[in-house]
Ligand code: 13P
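This document starts with one chain, in the form predicted on its own, laid out as structure tokens.
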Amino acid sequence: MSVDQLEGVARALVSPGKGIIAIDESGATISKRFAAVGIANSEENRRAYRELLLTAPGLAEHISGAILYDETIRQSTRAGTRFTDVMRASGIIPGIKVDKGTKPLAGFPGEVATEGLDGLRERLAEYAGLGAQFAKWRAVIRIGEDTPSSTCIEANNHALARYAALCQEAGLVPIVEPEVLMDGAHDIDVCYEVTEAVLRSLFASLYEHNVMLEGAILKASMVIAGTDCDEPSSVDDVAEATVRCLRATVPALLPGVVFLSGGQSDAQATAHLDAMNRMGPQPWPLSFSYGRAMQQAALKLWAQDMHGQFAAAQKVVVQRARENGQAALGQWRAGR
């Protein structure tokens, strides 16, 4: 895929009023979410749930792409149509999560590094053959008394850059996700400092590995106080700090920035995105790539009666997509 083609896919993912739904939960994560609402974690239940999400009528009005898990990209609807074919028919771009999760970073207690580079070239070729047009890799940065270390930041960003270069070689748009976790008692200023350091290191690594920024997307965490901080961040504070941090670190050449919800409530994630877009035009579109913040309400409803509430749960997903699509334009109204 040429640079122009990669850029075309990247820009389509951040089309005005549209964002990405992340349904790439690992086996362990989906098991926890199903258990929380009383659903058995069987392959058929996982397939049925992903069908609920991907076939929701009207979803494509505000969803440009969906990040799938390895199991999901190989699955089909009950009628036998492959999920990737269903997505393409509705105008939703198929994507795939390709990292293999985090492992402890040797020599640095409490810090982790994401794994999955071994064999990645071959896996990317397979996923492209299965219909994927973009991929995602998540790094995890924890804020603590003595963390993150520069070694942790550099190790994770080096892996992100290698992954991104391999994606573009395979004709896939890489989404690079260096998530700064909300866990902790740190205030918003500390989050800003860490996020700035992480993003500066990330783009230095991407340049070093000849990643074409015009064919990539940043999935960013918001600059926000930790969940245990005594001084919670206001919506305006989060919007101002996040935009300021991005403007200080992210090249204007990048086609777009999508945010993860990262432990925020559904309403918080939407309100913060809306407030950022109300600040006026930025060098890049600011949109969303939400997982739990898009799905949780629908999952709870579906769990009550998996057959009887199927259509109702789909409507809830579409409504969340509509709300976040409005927020991506700075036009969201709470309760509307």
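Owing to the predicted nature of the structure, the values given are computational and were not obtained by experimental measurement. Numbering starts at 1 and runs along the sequence shown.
Form predicted in complex with the named molecule: not shown, discussed below.
Q: Go through 145 to 153, 259 to 267, 115 to 123, 85 to 93 and give me the stretch that gets within 4.5 Å of the named molecule in the model of the complex, heavy atoms only.
A: Every other range fails; the passing one is 259 to 267.
Q: State yes or no: in the model of the complex, is some non-hydrogen atom of Ser287 no more than 4.5 angstroms from a non-hydrogen atom of the named molecule?
A: Because no heavy atom of Ser287 falls inside 4.5 Å of the named molecule in the model of the complex, the answer is no.
Q: Evaluate His62 for contact with the named molecule in the model of the complex, applying a 4.5 angstroms cut-off between non-hydrogen atoms, and reply yes or no.
A: No, His62 stays farther than 4.5 Å from the named molecule in the model of the complex.
Q: Find out whether any non-hydrogen atom of Arg46 is located within 4.5 angstroms of the named molecule in the model of the complex, and reply yes or no.
A: No.
Q: Report yes if any heavy atom of Ala327 sits within 4.5 Å of a heavy atom of the named molecule in the model of the complex; otherwise report no.
A: Answer no; every heavy atom of Ala327 is more than 4.5 Å from the named molecule in the model of the complex.
Q: Can you list, in sequence order, the residues from 129 to 143 that come within 4.5 Å of the named molecule in the model of the complex, counting heavy atoms only?
A: The stretch 129 to 143, when checked against the named molecule in the model of the complex, contributes Lys136, Arg138 at the 4.5 Å heavy-atom cut-off.
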